[in-house]
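Encoded as structure tokens, the following chain is the form predicted on its own, with no partner shown.
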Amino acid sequence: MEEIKISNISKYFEKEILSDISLEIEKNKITGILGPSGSGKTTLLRIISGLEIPDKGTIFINNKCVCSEKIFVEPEKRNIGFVFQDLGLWPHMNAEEHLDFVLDAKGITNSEQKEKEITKILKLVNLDKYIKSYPRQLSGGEKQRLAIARVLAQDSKILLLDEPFSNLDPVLKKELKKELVGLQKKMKLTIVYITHNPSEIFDIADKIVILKEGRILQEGKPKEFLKKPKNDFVRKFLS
């Protein structure tokens, strides 16, 4: 069952960035969107989240239209969590304050309830020891965990991850990927993970989509790509 249905999405800036993209994102699955720089990956995520408006096409989330010629649902009403490539952490807030801010925005004002929720979420991402730490005091991996914790505090069941582990060393990347899969299964999350690096996503994704110059070249299960890449570009890109 799809959670996100994208139909005929196109987007132009000075040139065409996305061309007639149609894609179904399955519920409670990890979908990896791969492609070189400039292929339209980030623009597609921003359109799904509502941060960009497409020039044409429709998007349905849980069978509800959030984007069409006549309908546009604001980002904050889509209940989607977005972890940006630069993470966007607030330097003046510690880990607890990051989550407290999000819970306030959700209308949770009871201090006891907030404390319980913050402790639970920070434990989920192995950051409970760093509750009073500021971003400048955290390592690269810990910052990634805080960015994910902030999204979980929104109670979003859909997570959009833009090159989340691109700047981390291979050992830490492997560790965080394992944690991400554990979170996804435990919390029944739908994750859309974009990267230019096939090795980051191939071993954890349920579905892979390859973009080039704003077009989908191939989509399917990871093993289908290894058995039968659609063309030379796909074959070379994956190698």
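Residue indices: 1-based, along the sequence shown. Since this is a predicted model, take the numbers as computed values, not measurements.
Omitted from view is the form predicted in complex with a small molecule, to which the following refers.
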With the small molecule left out of view, which of K178, H196, K27, K185 would have a heavy atom within 4.5 Å of it in the model of the complex? H196
Please identify the residue among T31, T58, S49, T42 with any heavy atom within 4.5 Å of the small molecule in the model of the complex. T42
Options 185-193, 201-209, 60-68, 32-40; stretch whose heavy atom lies within 4.5 Å of the small molecule in the model of the complex: 32-40
When the contact criterion is heavy atoms within 4.5 Å, does K223 count as touching the small molecule in the model of the complex? no
Using a 4.5 Å heavy atom cut-off, state whether E163 contacts the small molecule in the model of the complex. yes
L217 within 4.5 Å of the small molecule in the model of the complex, heavy atoms: no
Examine K227 and determine whether its closest non-hydrogen atom to the small molecule in the model of the complex is within 4.5 angstroms. no
